[in-house]
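Below, in structure tokens: the form predicted alone, a single chain.
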């Protein structure tokens, strides 16, 4: 239980609704900021403007999955209120206050570091990333179906990267009958690709391996699908970039060549917000419970 813990949930999308439900069940005291247009009736939960929150008593701040933008603005789909996450705001919190987000950026890192608060990036955790790879793979299947005129079965698909998302995506398309090749750099990843009965290739040879593909799915958050790579692709190739913004694709050149390239980060929150929210909510509940237990033990 989270009885006695005060949590401010600031901004976000439909995934945050599952977080609210879970923390309510655990008896946490909740303040919702940026939810004034939310129709759900959460009994015992207070909707507030950001300037109305007494951050001196807040034990944890839960930001949207994307944290803030590079200007410090917190995005929300349930309000038109402009909300900024600032150093001044964070300095009001007690020293034990922890900030939670899915990912981070330089702005958020700088603010949290300057104030000296703890920051937990949920999507850096293996469990969250692996669970999230399931709706990501399903969403990718949906996009391929929507944006191609052939079946997945028999299609030639290149997946770039064998991380937590790449592995699930490669397995999913292979299970649907696609001819899947996977590009990686590490020798152990190439070995794993072969063990999965897929075609491995080194990313240094990427230009040679895109000459006959129908779909290219990138999971690597670095520029790998360059202009020279895109130049070798067939004109009908579909590129889906699952890496976090700005992705790893030269979208300008893809458009110039007439190749459809789609940046699709955050698919879990789009195709399965309830499931994606439950994943985040369950992990947050564990982390908040452990934090509360530790603080109680330190007071003894």
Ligand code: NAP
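Numbering follows the first chain given and starts at 1. Only a predicted model underlies this, so the values are computations on that prediction, with no experimental measurement involved.
Although it is not shown, the form predicted together with this ligand is what the next lines describe.
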Can you tell me if residue 102 lies within 4.5 angstroms of this ligand in the model of the complex, counting non-hydrogen atoms only? no
Taking heavy atoms and a 4.5 Å cut-off, does residue 272 contact this ligand in the model of the complex? no
Does the 4.5 Å heavy atom contact test between residue 209 and this ligand in the model of the complex come out positive? no
Look up in the model of the complex whether residue 136 has a non-hydrogen atom within 4.5 angstroms of this ligand, and give yes or no. yes
Has each of 5, 22 and 94 got a heavy atom lying within 4.5 angstroms of this ligand in the model of the complex? no
Taking 4.5 angstroms as the heavy atom distance cut-off, pick the stretch from 146 to 154, 182 to 190, 107 to 115, 225 to 233 that is near this ligand in the model of the complex. 182 to 190
Quick one: of 74, 158, 178, 220, which gets a non-hydrogen atom within 4.5 angstroms of this ligand in the model of the complex? 220
Name the single residue among 33, 61, 243, 65 that comes within 4.5 Å of this ligand in the model of the complex, judging by heavy atoms. 243
May I ask you to list the residues of 1 to 30 that have any heavy atom within 4.5 angstroms of this ligand in the model of the complex, in sequence order? none
